[in-house]
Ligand code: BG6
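Presented below, as structure tokens, is a lone chain in the form predicted alone.
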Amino acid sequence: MNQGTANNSSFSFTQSGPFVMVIFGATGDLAVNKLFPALFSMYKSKLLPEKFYVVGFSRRDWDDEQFRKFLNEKHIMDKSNKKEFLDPYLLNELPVDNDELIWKEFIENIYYQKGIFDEPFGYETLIKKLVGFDEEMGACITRIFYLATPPDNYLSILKHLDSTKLAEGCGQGSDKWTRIAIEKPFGRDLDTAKMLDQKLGQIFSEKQVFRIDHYLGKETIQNLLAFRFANSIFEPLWNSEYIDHVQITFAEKEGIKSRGKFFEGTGIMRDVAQNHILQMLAAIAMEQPRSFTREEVRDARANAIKSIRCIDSKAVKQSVVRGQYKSYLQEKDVVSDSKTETFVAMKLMLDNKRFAQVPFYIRAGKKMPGEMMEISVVFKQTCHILFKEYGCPEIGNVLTFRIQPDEGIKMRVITKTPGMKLSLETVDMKFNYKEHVAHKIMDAYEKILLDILSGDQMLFNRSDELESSWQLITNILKGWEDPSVPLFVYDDSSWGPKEAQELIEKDGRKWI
């Protein structure tokens, strides 16, 4: 089968044989807007094997052709809005006519299975479809079950994968032939996360489980590790002797949009802080792995999260600020007296030698003035020792990792202002991916899917990472159950409630 003219010698597919991927929740936003576009981009770039099958599992009463028509309409709609379904990972874009030809080839690998998540019939019919694929190939082929559904459906799907023996593949050993991919959030608190993990452990071995936090697949997060450990000029300074504090900002310009049913009762603490934010923190705080292997990197990441000092539920008022944007109560599917937070700011401390007494200030919110996800490492200001009579900038050296948009790295340094008099100013030294990388940066979901197919778990959460993160977050959630803990309302398109400013300013610091 022709997979187009795309070629990129920097990448090669490591899944040697065909596979079948079953996507539960195949008509939802995640599957339509992320997974299918990523798979199509991989297909165009020849990152998929010659033969593969993708089965969409959803409740709509469709057949294969109706599902393909649905995906095709989404594809055409995005084209008409002058947006690519997903940019190819190529040095040069493919012509539109060739792109459409490849799309027609790609969609022939897509199939559909009607099913209700908590009813056995769809799973039993799915078995016949998968057996048919095995027979067509004349061998057992790798099965990947991707749970792209709301978390409430996870236990039902796992139960039926177990009871129907779908999880065991075609009978030659489940460890070899099946994998399970699960999207965050993994549970709602520590207890539900443990229950979900226990269920997973009853059905699959740890090496089969891929707990997805797509932020770990982002290029800047991966580059952060290389930047730290491959450059000897930074690692000796990466400690409390030189670092004053760390700031992590996760700002979204939009509100909840059409996600009211999911977001209401979930909140930004569970949706973003428990996963994306803590993974960003771990990338800064982790010790150097003994080797760049899957388990060594995951050990270092898990230890970093474990070292975060838990906030006693009674002390939440002092270290955590929660807020809700003013128009939230008017959003669709939001209850009129909702206490769901759309903003959180926290001060976290780590109990380890490297970052002793170094605060991590975190803020995450919706309806912010702009879109910004970045980490700033603020170094101690020492220029006043020599230049105190000339005046020093309030904040000196800052190393910033921009996750999105405009991925890159920026270093703020202090220099002399040009002129006759001696005065100091700060200037930024920047590295921007768009300016320095000739090809399109691989999308996070492409990287994640490639790793699932090749069985590489380095960029996926391990159970002990999750337990430590949920221990921290659950303590805060319990603290919020106290009716005396306020929920501050903030103006749309602002940086959150003034109490978030006060959280950092009372320590003599400011948000960057």
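Numbering starts at 1 and follows the sequence shown. All figures in this text were calculated on a predicted structure; none of them were measured in a lab.
The discussion below concerns the form predicted in complex with the named molecule, not included here.
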| item | value |
| --- | --- |
| Arg402 within 4.5 Å of the named molecule in the predicted complex, heavy atoms | no |
| 4.5 Å heavy atom contact, Ile305 and the named molecule in the predicted complex | no |
| 4.5 Å heavy atom contact, Lys447 to the named molecule in the predicted complex | no |
| Contact flag, Phe106 vs the named molecule in the predicted complex, heavy atom cut 4.5 Å | no |
| Residue among Lys416, Arg259, Arg309, Lys317 with a heavy atom within 4.5 Å of the named molecule in the predicted complex | Arg259 |
| Contact assignment for the named molecule in the predicted complex, among Phe250, Tyr361, Tyr325, Tyr146, heavy atom within 4.5 Å | Phe250 |
| Listed range touching the named molecule, judged in the predicted complex by heavy atoms within 4.5 Å, from 211 to 219, 408 to 416, 187 to 195, 347 to 355 | 211 to 219 |
| Members of 264 to 289 lying within 4.5 angstroms of the named molecule, judged by heavy atom, in the predicted complex | Asp271, Val272, His276 |
